[in-house]
Ligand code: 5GP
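Next up: a single chain in structure tokens, the form predicted alone.
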């Protein structure tokens, strides 16, 4: 995808502060953190939304979810963290390349849905 910012990050065309990378996934710090710890985990394969994931994507999506805890602990989330996957317009997805937000820090994060409905 030539216009996908996350695909450009994967390709090295846009710099990122990497947390982790392997042949299937990339994790990097969010440029607009919403918590003291805020990074994203993305598949290297372009999947526009979680609703577009197929059975073929089970291995990479499972890998993302199982590595989330390990990476969260490595960056300082020792007492828990939140995972968020925004999907589509109603889910307020901003970048249409599936991504998992990992948020945490020293203090509880507050309510799950703190934003007013649009």
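Since the model is a prediction, treat every value here as computed from it, not as a measurement. Numbering follows the first chain given and starts at 1.
Same protein, other form: the form predicted in complex with the named molecule, not shown, and the subject of what follows.
Annotation: in the model of the complex, residues 20, 73 and 102 none come within 4.5 Å of the named molecule through any heavy atom. Note on contacts: among 46, 38, 82, 63, the single residue with a heavy atom within 4.5 Å of the named molecule in the model of the complex is 38. Residue contact check for residue 5: one or more of its heavy atoms lie within 4.5 Å of the named molecule in the model of the complex.
Looking at residue 29, you'd find a heavy atom of it within 4.5 angstroms of the named molecule in the model of the complex.
Although the partner is absent here, residue 9 is a contact residue: one of its heavy atoms lies within 4.5 angstroms of the named molecule in the model of the complex.
Shown alone here, residue 51 lies farther than 4.5 Å from the named molecule in the model of the complex, counting heavy atoms only. Along 51-87, a non-hydrogen atom within 4.5 Å of the named molecule in the model of the complex is carried only by 86.
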